[in-house]
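Consider the single chain below, provided in structure tokens and representing the form predicted alone.
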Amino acid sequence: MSAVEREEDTVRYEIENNVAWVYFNRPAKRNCMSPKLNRQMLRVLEELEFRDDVGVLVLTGEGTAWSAGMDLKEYFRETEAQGLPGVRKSQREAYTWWERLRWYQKATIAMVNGWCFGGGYGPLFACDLAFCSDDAQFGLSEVNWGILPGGGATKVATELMPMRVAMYHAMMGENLTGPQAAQYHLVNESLPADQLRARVKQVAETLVQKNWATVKYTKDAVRRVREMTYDNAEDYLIRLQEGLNWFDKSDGRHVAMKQFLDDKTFKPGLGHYDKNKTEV
């Protein structure tokens, strides 16, 4: 008789140099998302979001998969047996942490180290940046077993990929390789598996060196303006910058201007200002 899976074991994390490495931790199930995992992931995200020692969050998978999507037995069959209340409850538990991740206080990176299927497209899109291994597999296999790509997966495909590509991907149920996922913009880059972590670590450590408040406002700006007209986006960005001026307690804007205009120690096009020097 197999041991009962503990909810707290379905997700694990470690913090290293201001980067939180968060793992889907169901390797025997290819990290598919169960109600237990969804509840635990929300707890972990809440615990890490406002910590002063976390500037970037990397979401990855334990073992050979990132996430094989939703757990067909625990997420679908067992919750459907509870009727509509059970179905809606399990949906909300998943969608809540995906939404929380989309608007997370810190920069987020998906490090796709293997399979990414179906429901996995939700957290993939929720992360600000995404990198994968060349041997990763991306798939919308729902059409192969009688449902459509729900849970936002269809929206993710059409948001990130050209329409013809998204249509073929969803209708045919065929997988994409890592390089194909990069070609069709599901991820930023695809790399050899043995180079993936080093590249993600490099990107995360670069983000950590930047002004964290500015990074937060920038990522929100990019997500919001995609759905706005130009005039609405222009006005929104003006107001957002005004908000950042008050929100950023380090007054990074004026520190950076002083380093550029007065000290001649900083060039915006060639790197980040020294946020350890706070004199204005």
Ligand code: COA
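Please read these numbers as outputs of a predicted model, since none were measured by experiment. One rule holds for the numbers: they count along the sequence shown, beginning at 1.
Below: the form predicted together with coenzyme A (COA), not depicted.
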item	value
Contacting member of H185, K89, R197, K73, with respect to coenzyme A (COA) in the predicted bound form [4.5 Å, heavy atom]	K73
Partner proximity in the predicted bound form: L37 to coenzyme A (COA), non-hydrogen atom cutoff 4.5 Å	no
Heavy atom of G178 within 4.5 Å of coenzyme A (COA) in the predicted bound form	no
4.5 Å heavy atom contact, R30 to coenzyme A (COA) in the predicted bound form	yes
4.5 Å heavy atom contact, E142 and coenzyme A (COA) in the predicted bound form	yes
Option from 187 to 195, 111 to 119, 160 to 168, 206 to 214 whose residues, in the predicted bound form, bring a heavy atom within 4.5 Å of coenzyme A (COA)	111 to 119
